[in-house]
Ligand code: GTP
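What follows is a single chain, given as structure tokens, in the form predicted on its own.
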Amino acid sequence: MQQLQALRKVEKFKLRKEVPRTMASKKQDREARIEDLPGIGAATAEKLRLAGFDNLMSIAVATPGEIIDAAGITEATARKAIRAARDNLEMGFQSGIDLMKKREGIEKISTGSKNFDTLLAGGVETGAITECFGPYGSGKTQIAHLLAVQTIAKDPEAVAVYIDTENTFRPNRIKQFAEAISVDPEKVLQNIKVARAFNSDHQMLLAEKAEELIKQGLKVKLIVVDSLTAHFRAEFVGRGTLAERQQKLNKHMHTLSKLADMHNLAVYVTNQVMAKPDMFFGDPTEAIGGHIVAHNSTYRIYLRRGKKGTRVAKLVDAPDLADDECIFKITEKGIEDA
């Protein structure tokens, strides 16, 4: 009898402990809903979801202007909602140890060339934007095709998104690269989602739609934009339009950077170049997009033609790598060491 009473007491104690935990769990689930943010009702939440803001993280990293455009609310309400979302997610400072653990999940996509991979400490990095700029024929698009193949060869479930602005995507080149490394070409082509961008606004929209593919359950590991600045360069002519062009370009790259960071995917962009007319000595080649593109790119690689059909890749900017260069050649099978 005494044992039975003792057992009942233990069960009551367990029940008392479990109830608060269950209530706390329900409270967390409730706080994770968009409707619980200040000033956001059911109708406003639905507008936000239709615009792509379907979780607290997407709202927390958005600007007030984006929330205002999506939901039609006041700036004060948008700022309150963003602040509440950030507080709920505890988006504050992290220790270096925490960031080091986070970076353990970073992956590298091989280029197929040992020299090129060594230049990038293992390959093109996920969670970052890698920019390749150089004159026509320097190999920018060839690398884009190869990275798409290598991404799917590494993980058959992976998907590569290819935003084509200059009509340079060629399925037969994908087939050649895939066959060279003994991967099923049809499987690779099936897992590459290609979209042709016809102007800068369409290009920006396609970058945002890439997130919809992720929400649909596709394992997107690479986004290619080839090329980044072609439409911006053609549509915004003259110094009078420079400020507007740079603002749009900055917004576009912020979208790509957010996708890379939130979903741990690699972003590879190609960029056009121009010759500086005031440069009398040295290489006058300079990338289009100015400081906006330079600051938003994590890794910057300058490509140029070398001797005897080779290409030279020079790493000109990286947060954790020294400036260096390598020589490679482009063949029917892909990129090989020269």
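The numbering used is simple: start at 1 and walk along the sequence shown. Predicted, not measured: the structure shown is a model, and the values here were computed from it.
Although not depicted, the form predicted together with guanosine-5'-triphosphate (GTP) is the subject of the following passage.
**Q** Glu66, Gly92 and Asp261: each with a heavy atom within 4.5 Å of guanosine-5'-triphosphate (GTP) in the predicted bound form?
**A** Negative, none of the three is within 4.5 Å.
**Q** So if I measure heavy atom distances to guanosine-5'-triphosphate (GTP) in the predicted bound form, which of the stretches 110-118, 211-219, 180-188, 135-143 falls within 4.5 Å?
**A** So the stretch in question is 135-143.
**Q** Would Asp87 show up as a contact with guanosine-5'-triphosphate (GTP) in the predicted bound form if we use heavy atoms at 4.5 Å?
**A** Answer no; every heavy atom of Asp87 is more than 4.5 Å from guanosine-5'-triphosphate (GTP) in the predicted bound form.
**Q** Heavy atoms within 4.5 Å of guanosine-5'-triphosphate (GTP) in the predicted bound form: does Ala318 have any?
**A** Residue-level check for Ala318: no, no contact with guanosine-5'-triphosphate (GTP).
**Q** Would you classify Gln176 as touching guanosine-5'-triphosphate (GTP) in the predicted bound form, given a 4.5 Å non-hydrogen atom cut-off?
**A** Although guanosine-5'-triphosphate (GTP) is absent here, Gln176 would touch it in the predicted bound form, with heavy atoms inside 4.5 Å.
**Q** Although guanosine-5'-triphosphate (GTP) is absent from this view, report whether Arg305 comes within 4.5 Å of it in the predicted bound form, heavy atoms only.
**A** Arg305 belongs to the contact set for guanosine-5'-triphosphate (GTP).
**Q** Heavy atom within 4.5 Å of guanosine-5'-triphosphate (GTP) in the predicted bound form: which of Gln272, Thr44, Asn296, Ser58?
**A** Flagged contact: Gln272.
**Q** Find the only residue in Asp155, Glu166, Asp201, Glu244 having a heavy atom within 4.5 Å of guanosine-5'-triphosphate (GTP) in the predicted bound form.
**A** Comparing distances to guanosine-5'-triphosphate (GTP) in the predicted bound form, the residue within 4.5 Å is Glu166.
**Q** Using a 4.5 Å heavy atom cutoff, which residues in 300-338 contact guanosine-5'-triphosphate (GTP) in the predicted bound form? It's fine if the answer is none.
**A** If the 4.5 Å heavy-atom criterion is applied to guanosine-5'-triphosphate (GTP) in the predicted bound form, 300-338 yields Arg305, Arg311, Ile330, Thr331, Glu332.
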